[in-house]
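A single chain, nothing else alongside it, follows as structure tokens in the form predicted alone.
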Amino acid sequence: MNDVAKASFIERAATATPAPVARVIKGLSDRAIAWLFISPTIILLLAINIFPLIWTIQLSFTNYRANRPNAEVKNIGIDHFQSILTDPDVWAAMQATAHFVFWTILIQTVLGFALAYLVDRRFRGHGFWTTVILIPMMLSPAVVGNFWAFLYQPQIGLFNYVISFFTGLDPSSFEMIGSVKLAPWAIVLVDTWMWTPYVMLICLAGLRSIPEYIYEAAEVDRASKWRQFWTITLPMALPFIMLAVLFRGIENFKMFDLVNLLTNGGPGSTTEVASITLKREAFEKWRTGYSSAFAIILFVTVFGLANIYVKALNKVKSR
């Protein structure tokens, strides 16, 4: 659009604007106009995020049940919070969540950084293999959960036959999602398969951000490749690694869909993470007030841990 057309468009827009509106807009500052444009988005976000949070906090202090909307709602104070913090089943769910979060983060970080380091070498065909590695994270969790549930079947699934080929065990002698000992690791394996590429991408961005002249200076000083890795590569990529840990930690703490599709918390309650417990309380037992209090506890836990971790991340970045 040339200058003449732009001027003509502005004149038509100004002419079409009602006089009272034009006078109001003319008296606004640039900052006020900017707030005027973004205010609808802010209002929408407040309606979607803030209102449900405030309502959940309010429900957490009551005995409200969603399946009994006409029943009398009583304010019971912090009884739900006391009950949750003293419930051994809740602590067992938190322990299962901690086990899942710790091992998935550890394995995904190590494998993701290793894959990023290999891809960063720019070997022949690295673009093709990078695309292949990224395929799992492009899939829907529902597809991944059903796909791996089929693979884990001891009679017809391929996973047991692959393990049998390498170990010599009978394929029907173990069941990944039906064993108390193996079920937690079955979920860890699936989540690692799906989200290690995500960690790889973040680590790869960190490795690509390191200037080449630093390595050239290290080579002039006759630093070995091992020395360069420990003194240049790892320290400069560390903020990106920590960022990947933060993202995956938050996501895995509230993991629901993958666990629900693979084991639904079983066998027994071995893989019943906090999100599964929350779902049972809210939509199976219909203890809405209790589940609201549990949701608030989970939110405060994630927010507090993330806040502490971000402060540590900022210290690392400021070095």
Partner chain sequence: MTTTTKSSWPRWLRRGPMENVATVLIAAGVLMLLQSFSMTLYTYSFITTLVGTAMFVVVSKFPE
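If you're wondering where the values come from, they're calculated on a predicted model, not measured in any experiment. Residue numbers count along the first chain shown, from 1.
Below: the form predicted in complex with the partner chain, not depicted.
Looking at 86-94, 186-194, 122-130, 137-145, the stretch with residues near the partner chain in the predicted complex, meaning non-hydrogen atoms within 4.5 angstroms, turns out to be 86-94. Only one of 220, 98, 162, 169 lies close to the partner chain in the predicted complex, with a heavy atom inside 4.5 Å, and it is 98. Using a 4.5 angstroms threshold between heavy atoms, residue 81 counts as touching the partner chain in the predicted complex. In the predicted complex, none of the heavy atoms of residue 64 sits within 4.5 Å of a heavy atom of the partner chain. Here the marked residues 207, 233 and 240 all miss the partner chain in the predicted complex; none has a heavy atom within 4.5 angstroms. Along 281-307, a non-hydrogen atom within 4.5 Å of the partner chain in the predicted complex is carried by 296, 297, 300, 301, 303, 304, 305, 307, in order along the sequence.
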